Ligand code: VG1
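The chain below stands alone, shown as structure tokens; this is the form predicted alone.
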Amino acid sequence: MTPQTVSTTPIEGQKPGTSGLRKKTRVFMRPGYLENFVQSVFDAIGGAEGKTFVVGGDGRFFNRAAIQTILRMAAANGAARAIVGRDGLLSTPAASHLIRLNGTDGGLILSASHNPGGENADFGIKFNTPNGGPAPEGVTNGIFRRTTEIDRYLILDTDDIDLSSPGEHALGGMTVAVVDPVADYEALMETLFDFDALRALFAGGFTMRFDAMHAITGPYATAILERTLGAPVGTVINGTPSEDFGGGHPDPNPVWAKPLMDEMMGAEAPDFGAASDGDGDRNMIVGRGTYVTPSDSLAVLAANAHLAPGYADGLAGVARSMPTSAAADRVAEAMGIACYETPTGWKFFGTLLDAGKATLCGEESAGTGSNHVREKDGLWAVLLWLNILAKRGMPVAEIMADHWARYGRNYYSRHDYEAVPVEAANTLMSDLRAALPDLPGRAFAGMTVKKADEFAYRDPVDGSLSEGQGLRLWFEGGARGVLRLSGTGTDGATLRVYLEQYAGPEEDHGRDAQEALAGVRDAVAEAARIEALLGRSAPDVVT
């Protein structure tokens, strides 16, 4: 088979984001669009000759066709081997593990994360480097530069490879190894957690509901929870990956996982509830009558990780994204370990994990993980929670109450204003940015600004500087507000407003979160002129 050299031209708008490219599915289906990006990846990393790559995705529409194209291109570019999940399926954390386990030269992961799937919805692709994590800015910038000048791509003209069962196939001079997408990941989990204790937990009548949201984590959760650990059949719901995620929005939060929330808040609620997202890297934790914010979840996991065998020797440190609440900081201080505040994006955690400075990491957007891979990992977080529940013998509500009594409570919520006109969103941010120096001492909605800035991060490992990472307002009385524009959507802009109010160990921790945050909510809205500039009197999604 002779590789074809196909002439092409750069495609407008083909700019990779922080870790890849995310667009409408129909954009990716345009002739040459996917091919241009994949060839740009190969060119930017010095070619694919003799290299090995992991390839897989979350099963959304166009996943299978895109993987076949990537394999033909990898072979045409001289790659020696490609490791692919059966039927093209791999969760993002499982792909990260396969990259690391096999010592590959990186991987191409196909997903638009928690965004809806389908022909009229979203698709994405990103390149992860040999450490298993999202490509750093130096690599993504190189990929982008190549997309602006690309004039050809290489591809084999062959039939599709059969990806339906494990085995090896020849594609040109490249070997395609089709693997069970779950097996190696499950083996890793068994080294981290006390599976015997978890089996005993379920055997003792512990009940659970895991909502896979018709997404990639379904096969993983079914295999581990039901088949290996003995949870009753039916513990995992919506467990078969669907090209359009069952017509839903695979984002594990109280809005999009409302059926699970309704069940967990009902009279017949199971002991524990959890959900994961489109590509398996996010999680939601719910106890009977108790929703656990991602910020609190990270703090509880940090405080109790030593109960799991994989973390019995303690933590090197904890890292959190800047918008995440300071709950984990209080745990780290009590434990005498470092706590790092980074920009949003798992690549920033990767340098800390690789350097051994941190063991657990978390983002407010429901992403939590550890040094076992270089991605956030939804099912891992669920298993660590189960390990803690098994060892402590208390329900989620009691664990949370005990935690707050020791460390205090950081009331926390994220308010999303979705599909906002880009110009209006940019105006809001630029106006507030210009006003930051004059805000300290001023009062908004009865709350006085103590400090205001725009977050910048100097990486303690490589010394790189990341600026423009979000606008922060601190208020007297332990409140904080953060404003950022999200890059995860494909329609308009999303303004994310993060609200936090600290209550010390001796204070009341039983207040409704939105009630406790009402003051800082109103103060941030007034300071940023949200209603005046966006025409929105309330957010679209409250998490």
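This structure is a prediction, so every number in the text was calculated from the model and none was measured. Each residue number is its position in the shown sequence, starting from 1.
The discussion below concerns the form predicted together with the ligand, not included here.
*Asks:* Is it the case in the predicted bound form that K23, D122 and H249 each bring at least one heavy atom within 4.5 Å of the ligand?
*Replies:* Negative, none of the three is within 4.5 Å.
*Asks:* Partner absent here, but in the predicted bound form, which of 42-50, 495-503, 28-36, 514-522 has residues with a heavy atom within 4.5 Å of the ligand?
*Replies:* Result of the contact check: 495-503.
*Asks:* Considering non-hydrogen atoms and a 4.5 Å limit, which listed residue (N77, T140, S365, S325) is close to the ligand in the predicted bound form?
*Replies:* After the contact test, the surviving option is S365.
*Asks:* Heavy atom within 4.5 Å of the ligand in the predicted bound form: which of H97, K376, H415, R409?
*Replies:* Of H97, K376, H415, R409, the residue with a heavy atom within 4.5 Å of the ligand in the predicted bound form is K376.
*Asks:* Since only the chain is shown here, I'm wondering whether G239 would be in contact with the ligand in the predicted bound form (any heavy atom pair within 4.5 Å).
*Replies:* Flag for G239 set to no.
*Asks:* Is it the case that S113, even though its partner is missing from this view, gets within 4.5 Å of the ligand in the predicted bound form, heavy atoms only?
*Replies:* It does: once the ligand is placed as it appears in the predicted bound form, S113 has a heavy atom within 4.5 Å of it.
*Asks:* Residue-level contact is defined here as any heavy atom of the residue lying within 4.5 Å of the ligand in the predicted bound form; does G172 satisfy this criterion?
*Replies:* Residue-level check for G172: no, no contact with the ligand.
*Asks:* Within 4.5 Å, heavy atoms only: does R282 come near the ligand in the predicted bound form?
*Replies:* Within the cut-off, so yes.
*Asks:* May I ask you to list the residues of 162-181 that have any heavy atom within 4.5 angstroms of the ligand in the predicted bound form, in sequence order?
*Replies:* The stretch does not touch the partner at all.
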